[in-house]
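Shown next as structure tokens: one chain only, the form predicted alone.
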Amino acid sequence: MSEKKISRRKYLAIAGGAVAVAAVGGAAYYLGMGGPGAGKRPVKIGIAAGLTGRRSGVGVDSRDAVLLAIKEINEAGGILGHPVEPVVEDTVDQEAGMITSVFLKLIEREGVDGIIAHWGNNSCAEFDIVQEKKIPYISAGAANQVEAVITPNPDAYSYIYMAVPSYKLYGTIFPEYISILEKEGKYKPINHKIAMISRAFEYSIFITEGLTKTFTDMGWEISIKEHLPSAKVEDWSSVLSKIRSDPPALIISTMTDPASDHLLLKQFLEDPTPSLLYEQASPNDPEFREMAGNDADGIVHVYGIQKIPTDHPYRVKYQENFGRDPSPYGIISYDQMMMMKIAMENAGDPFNREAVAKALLNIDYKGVMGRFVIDPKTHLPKGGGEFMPFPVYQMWNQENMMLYPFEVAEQEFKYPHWYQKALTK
């Protein structure tokens, strides 16, 4: 995804300021605030986003969503009369050293009053810094690690909150949906075998373990198990050779790397098996959709962020402002900023960090992506039902279409384009 679609003038308008000065490398922006609240002490919000890493499309979308929210907040008079000033920093690939450096800079050098990140470090390296410095922090990634860290002692992480629900649902929603399809005769698997592909990465391992347990409890067999050392795969021939020699009904990749997952799809399509292909997270990346095009038609996956309709007012205004459709993080990061705003208002003082943190714990906010109510045991929003949906998706025409839960479904399941060809060969 290119940022060239946004002119400098338009970028400044979105950010809500009259003047912006880019720091070295273009990683941070300091905006002079005008309009309502001008002259008052600004509320400084740190935006930690991977703008140049391997998932930069998601990072750019996240940053722009926060800036859009800030623009609207400032146009409406700011937070309790104080203008909001964004400070953007590039976290690249969210590695521990980079995350630590960025968060220290935002807190100690920039003096931010709160931090928003689309994805923190997978080992939660930033947590101790945020808690020690008493900075309200909202993240939207690595929920499995966050849950594991916070649950034993929630009070020890009183400044840290999430905008995505527990990843435990990743292990149950897709098997539940497959079971319903099979019972209703809408999907007839060739067998009950699964080729499970994962990598040495907590997110991947957590989802793989959850899916493995649920499917095996249902009577399915993990006939092929590939656990790879890294996200980068240059050739899938050896893995695909095993799959073609004993075709499974499901091929599940939790690699979450757009380039590697695209290569898996590309090489798979050279000689496909009558299998459904599930690729975790990658179908939501703009890079994956650009690389795969309509070859990805039929890929299924689960994502803990629901899609909003094409004509939804937020989606329309995002397109108008940035010239592109938002990825899920181009939506949920808007909600993150609005959660911070509401918490600061409910606290009665945006600079009373302890009060803001307590307000986040007690928030009940109906956002673009769903209803955000925090579970005090995990500091994650509640998922499912009336709270945050956890949909099953299928790709068609480079769009992710919701299939399940049925209350939010946009279409019914369809066999992928390679399926019949594979059955008849």
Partner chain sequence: MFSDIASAIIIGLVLGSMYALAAVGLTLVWGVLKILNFAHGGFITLGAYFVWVGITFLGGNYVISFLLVMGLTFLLGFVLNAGVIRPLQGRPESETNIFIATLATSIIIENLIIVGFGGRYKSIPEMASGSLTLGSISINFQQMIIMAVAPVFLVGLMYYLKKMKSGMAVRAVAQDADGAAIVGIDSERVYSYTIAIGALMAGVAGVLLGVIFYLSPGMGGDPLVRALFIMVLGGMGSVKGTIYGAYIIGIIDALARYFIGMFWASPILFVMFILLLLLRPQGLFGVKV
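Note that the structure is a prediction, hence the values are computed from the model and not measured. Residue numbers count along the first chain shown, from 1.
This protein has a second form, the form predicted in complex with its partner chain, left out of what is shown; the following refers to that one.
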Given that its partner chain is left out here, which of 179, 101, 267, 319 has a heavy atom within 4.5 Å of it in the model of the complex?
-> 267
Scan 128, 221, 202, 290 and let me know which has any heavy atom within 4.5 Å of its partner chain in the model of the complex.
-> 290
Which of these stretches, 366 to 374, 66 to 74, 48 to 56, 388 to 396, has heavy atoms within 4.5 Å of its partner chain in the model of the complex?
-> 48 to 56
Does residue 155 make contact with its partner chain in the model of the complex, using a 4.5 Å heavy atom cut-off?
-> no
Using heavy atoms and a 4.5 Å limit, would one call residue 242 a contact residue for its partner chain in the model of the complex?
-> yes
In the model of the complex, residue 185 touching its partner chain (heavy atom, 4.5 Å) = no
Would residue 226 sit within 4.5 Å of its partner chain in the model of the complex, counting heavy atoms only?
-> yes
For the three residues 191, 194 and 217, verify that every one has a non-hydrogen atom within 4.5 Å of its partner chain in the model of the complex; reply yes or no.
-> no
Go through 249 to 267 residue by residue and record those having a heavy atom within 4.5 Å of its partner chain in the model of the complex; state none if no residue qualifies.
-> 257, 258, 259, 260, 262, 263, 266, 267
